[in-house]
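This document starts with one chain, in the form predicted alone, laid out as structure tokens.
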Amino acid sequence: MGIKGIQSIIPKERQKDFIFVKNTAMHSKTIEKFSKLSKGEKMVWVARNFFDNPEAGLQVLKQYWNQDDALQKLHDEFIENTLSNFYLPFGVAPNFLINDELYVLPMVIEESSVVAAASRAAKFWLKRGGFKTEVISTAKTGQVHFTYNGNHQLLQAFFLRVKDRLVAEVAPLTTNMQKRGGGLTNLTLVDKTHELENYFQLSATFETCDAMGANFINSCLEQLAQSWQYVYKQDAEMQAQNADFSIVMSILSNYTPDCLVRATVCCPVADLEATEDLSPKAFAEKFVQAVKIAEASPYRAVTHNKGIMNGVDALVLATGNDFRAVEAGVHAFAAKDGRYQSLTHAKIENDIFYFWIEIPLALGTVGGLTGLHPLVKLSHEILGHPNAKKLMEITAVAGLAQNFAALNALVTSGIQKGHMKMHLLNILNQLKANEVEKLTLIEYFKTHIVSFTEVSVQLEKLRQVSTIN
């Protein structure tokens, strides 16, 4: 592609960002100092070397730029080597009654039916007392990982001697957090040599208040590691052993089983909805059995929990939190007893149906993108500016609601009926149906099973009739 061809699709006010260089690097799939190129040069290099149609590809990248230059610059600086923005739908699920307060939940997700399913579950429980939640604990941890091949009892005694000094030396980093009620709350020496030769940890516990706290925790851990190494080298008794001692790394853990929240719904069995095939009692029994299957079978539990995370991740993304950290911690928690199991549980007791979730959620409402991304700010406004504990509760509810909707469908009409109805528009858009065709086929598939093949067949029939007429 020629330089003029590229320049022709770039607005004049943007062309100052594009330095079109004539060298072999722009025509090679390997490149040195890529991060040093301007945004325009990066786009050109990617287009020339990887797009089937470079000009069309550049046009797609360009059309997803924000027209507000300042806002685009803000997005460009979130990560490195930014070319454009990747949009996901931002929706809301209304009618969530949580601890007797009404909420509308912002959700960012691309999967059809998730927002609709959450909304249906919210509406169902709105008339039955809503969701009740409780934050069980909020502790987060991190470790200084090190190796040591000397006397274990001597190391333990040494740690107890210097523990107060280690805590004192990290104090300058914890002062502001302590003012908010948080900070370093505990420090222990953990012997892991039964799992890995010569492996020990300094395990630190933190309270980070309304911050997720990753940067705070990691800074504290690095200071602890530095102090630990220094006092070890200065201690004559430890040095007399001539033992090998080495800091390996210092890092927070995204496994947060002590940052735990519970969400629950319950109602008399008789208040559950009957279907053509199931009485309220039969529905409750079948629902409980479905949950027990997810407790017993890892194959089912993974899909079961994935559905829970549809709701959790959508809210986590909308509020600017780290969904990868949440996912990792949640799935580790699901396997904490040595077998991967359901995160939700259900029972019938004294003719009352109970359904609940316990889930670790290390979330923040300050720091990170919460003060930068405009839509993240709006999400927090929609939720009423919750603190971290309240956000944990709301997010757990999103997961429980999503799971209730999925299991409700599975034990009655099946998952595909509702899901494929919601997916119909995606199929029609993929097949480039016009508005008249969409309206006609949406009406047709109200009473027919949706599949990609069947939609294709019916669309083709419609077009043939249209051509004849």
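As the structure is a prediction and not an experimental result, all values here were calculated from the model. In this text, residue numbers run from 1 along the sequence as written.
What comes next is about the form predicted together with a further copy of the same chain, which is not displayed.
Within 4.5 Å, heavy atoms only, which of 348, 248, 274, 240 is in contact with a further copy of the same chain in the predicted bound form?
None of the other options qualify; the answer is 248.
Which residue, 332, 155, 162, 267, has a heavy atom that falls within 4.5 Å of a further copy of the same chain in the predicted bound form?
So the residue touching a further copy of the same chain in the predicted bound form, by this definition, is 332.
At 4.5 Å between heavy atoms, only one of the stretches 389-397, 353-361, 143-151, 231-239 reaches a further copy of the same chain in the predicted bound form; which one is it?
Every other range fails; the passing one is 143-151.
So, residue 244 and a further copy of the same chain: in the predicted bound form, are they within 4.5 Å at any heavy atom pair?
No, residue 244 is distant from the partner.
Does residue 199 reach a further copy of the same chain in the predicted bound form if we count a contact as any heavy atom within 4.5 Å?
Output for residue 199 is yes: heavy atoms within 4.5 Å of a further copy of the same chain.
Any chance residue 257 has a heavy atom within 4.5 Å of a further copy of the same chain in the predicted bound form?
Looking in the predicted bound form, residue contacts with a further copy of the same chain include residue 257, since a heavy atom lies within 4.5 Å.
Contact between residue 447 and a further copy of the same chain in the predicted bound form at 4.5 Å, heavy atoms?
Contact with a further copy of the same chain, no.
Using a 4.5 Å cut-off on heavy atoms, which residues of 299-320 contact a further copy of the same chain in the predicted bound form?
Result: 299, 300, 302, 303, 306, 309, 310, 313, 317, 318.
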